[in-house]
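Coming up is one lone chain in structure tokens, specifically the form predicted alone.
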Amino acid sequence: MKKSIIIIGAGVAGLSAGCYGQMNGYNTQIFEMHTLPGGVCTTWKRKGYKIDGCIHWLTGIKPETDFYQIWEELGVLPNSNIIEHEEYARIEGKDGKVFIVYSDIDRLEQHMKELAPEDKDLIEDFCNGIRKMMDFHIPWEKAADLFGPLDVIKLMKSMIPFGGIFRKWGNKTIQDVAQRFKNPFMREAFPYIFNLENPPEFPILAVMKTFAWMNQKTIGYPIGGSLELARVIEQRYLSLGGKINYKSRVVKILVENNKAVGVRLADGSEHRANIVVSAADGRTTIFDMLDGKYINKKVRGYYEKLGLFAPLIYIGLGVNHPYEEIPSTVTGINFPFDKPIKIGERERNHLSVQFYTFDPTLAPEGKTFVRVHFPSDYDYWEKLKKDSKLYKAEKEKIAQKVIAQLDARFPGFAADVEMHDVATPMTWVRYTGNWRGSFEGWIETPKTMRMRMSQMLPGLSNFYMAGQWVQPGGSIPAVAVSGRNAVQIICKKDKKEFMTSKPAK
């Protein structure tokens, strides 16, 4: 008789776990609190426009590159229509200078030297680091929980050729590198190279690896955006025989004799299985669904000490203009204000805006979906949400201030805006349950980027976790891999060979 697995959450991690569970002969079903798949990887509709809430790029779009195999197995590739951008971002200065972050490394290096010839040596070091990272393979194929001594030795040997770059850049952040520029404009612009506002401790090696992928043309944007990607994986899961229960919020994980045996839903119904995988919010899983009974000092420390990706204010705009003259980029155009203004709870002096001219599915013909987002403070919005009138008024005020700044940068913009929508950190909490509204979980730092978290909890058997809370750095590939890893671990425990398959062409 086949063993059964209950999976909590139909985000990318949960769908991935479901797919691999089905591939390996388990009877799986997913319980999802919302009416749609995807979790954070989603899109919503407003007045004829689609607001994409997640994907900037998808890593692993070319054969023989990191993560391509998992996208094949989940049915995403090679069937999706992928756009490859020649530019990652544009960062503008007040004096009219523009730092164009080209996808091609040679072109990026030449451009940076033209902007800052006095920083020739630093620029060459940075770009050579990117070139070196093109040969670095992220070891994703085997779950960290299954690593034995031989796996560790093999991993350490594979790292030897990269010892120099790790020693040189391993403890450096974006801000560290920015401060080394002699050129004032580059010193100011460089921190925004990765579309992060004042990134606290984001590791430069993670930036280099991303830019290495871009140069290799293994990063692209799937036309249709986030929800379409989730729908593709959902269909792959259903085609494998899986079952999804929407509008089914799990409130408790049932445990007997320190073994997970099922779940209880908000409606009071209970559902039993041999194994439970939670791809839901990590804190809710551990401290609410399991009442905090299965933790140790290490697990508690994650939730008390590790930093989070800041929650977002996310403004979607529908604009009655094609904006064909706007260059296509991965993350958008970052531009400064004439003077700082208060938007939301803090003073801001710039915005990053993305014109989705490259995805015609998000807007009616001849029109454009435009997105602006920036980090915000969760406590500010949690308090404001208690008064619905104040909360709604503040969202409207933010929308109008952002539109005014965009109109100043792109004259005539405001008159063409026919839709605006503002999502706050509380939107993420309501829609996905993400702790403190963090859209990507633990933020990556030089200290945490090599951290490996167990997908199991101490003292609890037949239970596994997947998603953005089991690995610092988040990202769609990482959560997809975590679902795959969970099933690998289950197969190992059941003494079964882990099997994968690809959809029939």
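Residue positions are given as counts along the sequence shown, with the first one as 1. Keep in mind that this is a model prediction, so the values were computed, not measured.
Just so it is clear, the following notes concern the form predicted together with a small molecule, a form of the same protein that is not shown.
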Practice problem: Could you tell me which of 130 to 138, 114 to 122, 186 to 194, 431 to 439 sits within 4.5 Å of the small molecule in the predicted bound form, going by non-hydrogen atoms? | Solution: 431 to 439
Quiz prompt | Every residue of 6, 465 and 485 near the small molecule in the predicted bound form, heavy atom within 4.5 Å | solution = no
Quiz item: Are any of the heavy atoms in residue 62 no more than 4.5 Å from a heavy atom of the small molecule in the predicted bound form?
Solution: no
Quiz item: residue 472 near the small molecule in the predicted bound form, any heavy atom under 4.5 Å?
Solution: no
Quiz item: Could you tell me if residue 302 has a non-hydrogen atom within 4.5 Å of the small molecule in the predicted bound form?
Solution: no
Self-check item: the small molecule contact in the predicted bound form: residue 446, any heavy atom under 4.5 Å
Solution: no
Practice problem: Could you tell me which one of 453, 457, 54, 70 places a heavy atom within 4.5 Å of the small molecule in the predicted bound form? | Solution: 54
